[in-house]
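Below you will find one chain, with nothing else, as structure tokens; this is the form predicted alone, and questions on how it binds or moves follow later.
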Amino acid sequence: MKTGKMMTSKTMTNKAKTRAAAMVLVLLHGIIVFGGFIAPGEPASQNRDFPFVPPTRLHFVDAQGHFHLRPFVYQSVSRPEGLYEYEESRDQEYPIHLFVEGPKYKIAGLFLSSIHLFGVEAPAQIFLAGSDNYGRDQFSRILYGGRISLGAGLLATGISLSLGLLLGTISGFYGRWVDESVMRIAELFLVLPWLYLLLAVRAFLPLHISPVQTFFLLIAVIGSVGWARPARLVRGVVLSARTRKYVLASRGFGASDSYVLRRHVLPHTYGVLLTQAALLVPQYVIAEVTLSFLGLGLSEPLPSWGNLLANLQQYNVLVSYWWMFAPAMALVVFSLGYLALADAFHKRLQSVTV
């Protein structure tokens, strides 16, 4: 009885962890999808008068000591004695307004709108994550860049899992020479260093192509490299499932291979695929970021987390402007969320197996 209660308690805990991790990721992805609404400006809009402005401070108490219910900002002005050094001009407060008119964008890439979540009146600027060397708002660029980096990771994961499911199922279900051939190829892909392989493949692709073509080429290259591990895991599940009694009974009644796979074998692979998806998405996002960081992915003016971090290749930026690391922090947050979800899926699979 005690063992049963402990197992039930662990199962409920694992379910709660899975829901919590999934809810956090849904929230984070919602912020990225509706980035145009949340971002105060356009990602490519330049303001050459404000390069490398530090993150804007939000205030509730003004210079006279009066408390304001609505947060406000002060205008940033350059210090005459220093290069890229700024201070707040306390002459006037600029309150932050909600649901303001601004540059046009598409909601979730579909519907045109010009309403933004927040903003301030000109000539004040609000840079929640600072600005870059062209005076572009880093916060807006991180939100828009997340669409590229996360989109590449999600689509590449779909390609890898589709290939892994197809080849792993065929290998495990039919066995013999098919199994040997697929597994030898999978082992070859497993021992290859994926980063160098990505660099080698991308180096042979044309450099002067449109951003859309570059995006889909990146997805195709990244997704085609990582199918081997999901395929081996799916193969193991299929090998175990095809020998179960109800599968043998189904075959005895004359069921076709497609029916046996669809009804009795493939459902056992879904848990493994979910776990692998949660592990592969951050890996593929990092792969896209790495290629863009090295100049082999998407290039300016389109933002991605990789080309945002490329500014850190300059030593003076690396040591002087800490807010330029903000895209890396966004990458870390998303990666930790996916790893937590993968761990929760894995524990649920273990509890179900036990």
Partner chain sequence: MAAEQATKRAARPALVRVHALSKRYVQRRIFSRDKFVVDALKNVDVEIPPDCLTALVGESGSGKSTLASCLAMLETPDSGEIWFEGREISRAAACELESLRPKIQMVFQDSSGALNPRFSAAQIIAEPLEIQRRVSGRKLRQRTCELMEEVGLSADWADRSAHEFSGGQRQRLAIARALALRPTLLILDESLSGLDLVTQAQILNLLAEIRIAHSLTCLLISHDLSLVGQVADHIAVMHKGTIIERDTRQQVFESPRHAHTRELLAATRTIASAFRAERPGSE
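Residue numbers count along the first chain shown, from 1. What you see is a predicted model, and the numbers here were worked out from it, not measured in a lab.
FYI, the form predicted together with the partner chain isn't displayed, but the following is about it.
Looking at the partner-bound form in the predicted bound form, is residue 257 within 4.5 Å of the partner chain by any heavy atom?
It does not: once the partner chain is placed as it appears in the predicted bound form, residue 257 has no heavy atom within 4.5 Å of it.
Any chance residue 184 has a heavy atom within 4.5 Å of the partner chain in the predicted bound form?
Looking in the predicted bound form, residue contacts with the partner chain include residue 184, since a heavy atom lies within 4.5 Å.
Though only this chain appears here, would residue 180 touch the partner chain in the predicted bound form if you measure heavy atom gaps against 4.5 Å?
Contact check for residue 180: yes, within 4.5 Å of the partner chain in the predicted bound form.
Closest heavy atom of residue 123 to the partner chain in the predicted bound form, within 4.5 Å or not?
Although the partner chain is absent here, residue 123 would stay clear of it in the predicted bound form, with no heavy atoms inside 4.5 Å.
Let me know the one among 90, 263, 79, 106 whose heavy atoms come within 4.5 Å of the partner chain in the predicted bound form, would you?
Exactly one residue meets the criterion: 263.
Of these, 75, 133, 162, 250, which has a heavy atom no more than 4.5 Å from the partner chain in the predicted bound form?
For this set of options, the contacting one is 250.
Which of 149 to 157, 239 to 247, 91 to 99, 166 to 174 has heavy atoms within 4.5 Å of the partner chain in the predicted bound form?
Looking at the other structure, the answer is 239 to 247.
Along 264 to 278, which positions have a non-hydrogen atom within 4.5 Å of the partner chain in the predicted bound form?
Heavy-atom contacts to the partner chain in the predicted bound form: 264, 267, 268.
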